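Next up is one chain by itself, shown in structure tokens, the form predicted on its own.
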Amino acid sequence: MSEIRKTRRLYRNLGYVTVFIYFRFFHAPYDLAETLVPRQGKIMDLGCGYGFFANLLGLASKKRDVMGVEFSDRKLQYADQGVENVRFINEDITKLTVIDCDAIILFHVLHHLHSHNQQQRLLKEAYKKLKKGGKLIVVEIDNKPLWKFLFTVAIDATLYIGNWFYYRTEKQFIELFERLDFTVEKIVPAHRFVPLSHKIYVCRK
């Protein structure tokens, strides 16, 4: 059984959480993003939500020490599914004291923050927490293909009624990462076969 299927099985019979997780699995590039994360070391999943990706990372490699961080205690009620090398904490992701991480992941987090300035502040904090040579992996929404971007905006507006979203173009993300002294190693389009306009940025400190 694949790690994706094993992770999905952890979230069975949880009502609306199960529905949400299965919908996310349908459109989010979890399997592709997992292959870009180091196979071992200290991994932090910031804004981990219900913990799906953090649990997937732990199941895919026992050599990973995964920490999921989420501000919503409601979501964290469902995150800890007993994966032995994964733990979760209820904290503000900008105020963590953890340092020397091998990788930090921001999976659909940045565009949900309250401003572009807040995005920059969070990425500055991520830079401080990474060890030299550590990876920053950002899964975000791109404005291309246009129809998929517009569909993505419509989905976000439906799921998060009343919220504003702060998307960036690929060029804007590259400029932001380089301004913060990250080296952009790889940009991976991740919208093939799914209706949303995902893109994955792999950066190194």
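A residue's number is simply how far along the shown sequence it sits, counting from 1. All figures in this text were calculated on a predicted structure; none of them were measured in a lab.
What comes next is about the form predicted in complex with a small molecule, which does not appear here.
Note on contacts: among V86, A103, I93, L123, the single residue with a heavy atom within 4.5 Å of the small molecule in the predicted complex is I93. In the predicted complex, the small molecule lies farther than 4.5 Å from every heavy atom of G58. Although the partner is absent here, E70 lies within 4.5 Å of the small molecule in the predicted complex, judged by heavy atoms. At the 4.5 Å threshold, heavy atoms of H108 reach the small molecule in the predicted complex. In the predicted complex, at least one heavy atom of K75 sits within 4.5 Å of the small molecule. Of the stretches 147 to 155, 46 to 54, 168 to 176, 33 to 41, only 46 to 54 has residues with a heavy atom within 4.5 Å of the small molecule in the predicted complex.
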